[in-house]
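A single chain comes next, written as structure tokens; it is the form predicted on its own.
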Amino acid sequence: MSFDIPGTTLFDGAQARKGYALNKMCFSFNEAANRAAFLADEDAYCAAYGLNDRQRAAIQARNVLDLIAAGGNVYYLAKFAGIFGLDVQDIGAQQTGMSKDAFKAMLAAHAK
């Protein structure tokens, strides 16, 4: 079965394989020492996990959509975003091109 949702990157087996190094690195951020190591030398930390050029550029740009396109899984990317004090609503806002407040209002409106 195939799904085509315009503007959406589906996280499937191919994406999982493509993003393995990126997701493994983001998972490492569960440990405070790893978050500190990343902040101390971001490029070296990315290199240690074998991120490719596209993934490294998306990390540097803090661009969630590019990270997803590069194989990132939103649940692991939330670990990365957390380093900078961002939460899943910040990620959702970036994905939709909305402000965080507008995104939260949209969620609240749909919850009724």
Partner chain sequence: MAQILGALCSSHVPAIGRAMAKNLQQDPYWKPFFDGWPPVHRWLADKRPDVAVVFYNDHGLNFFLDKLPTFAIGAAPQYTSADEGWGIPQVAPFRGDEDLSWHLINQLVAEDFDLTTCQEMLVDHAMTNPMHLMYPDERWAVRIVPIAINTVQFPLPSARRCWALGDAVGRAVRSWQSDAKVMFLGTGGLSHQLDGERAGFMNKDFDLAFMESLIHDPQWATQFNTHQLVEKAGTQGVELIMWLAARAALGDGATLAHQNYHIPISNTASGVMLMDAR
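These numbers were taken from a predicted model, which means no experiment stands behind them. Residue numbers count along the first chain shown, from 1.
FYI, the form predicted in complex with its partner chain isn't displayed, but the following is about it.
Although the partner is absent from this view, residue 54 stays clear of its partner chain in the predicted complex, with no non-hydrogen atom inside 4.5 angstroms. With a 4.5 Å cutoff on heavy atoms, residue 32 counts as touching its partner chain in the predicted complex. Residue 101 falls outside the set of residues with a heavy atom inside 4.5 Å of its partner chain in the predicted complex. Contact annotation: residue 79 falls within 4.5 Å of its partner chain in the predicted complex, judged by heavy atom distances. Residues 65, 68 are the ones in 54-68 with at least one heavy atom within 4.5 Å of its partner chain in the predicted complex, listed in sequence order.
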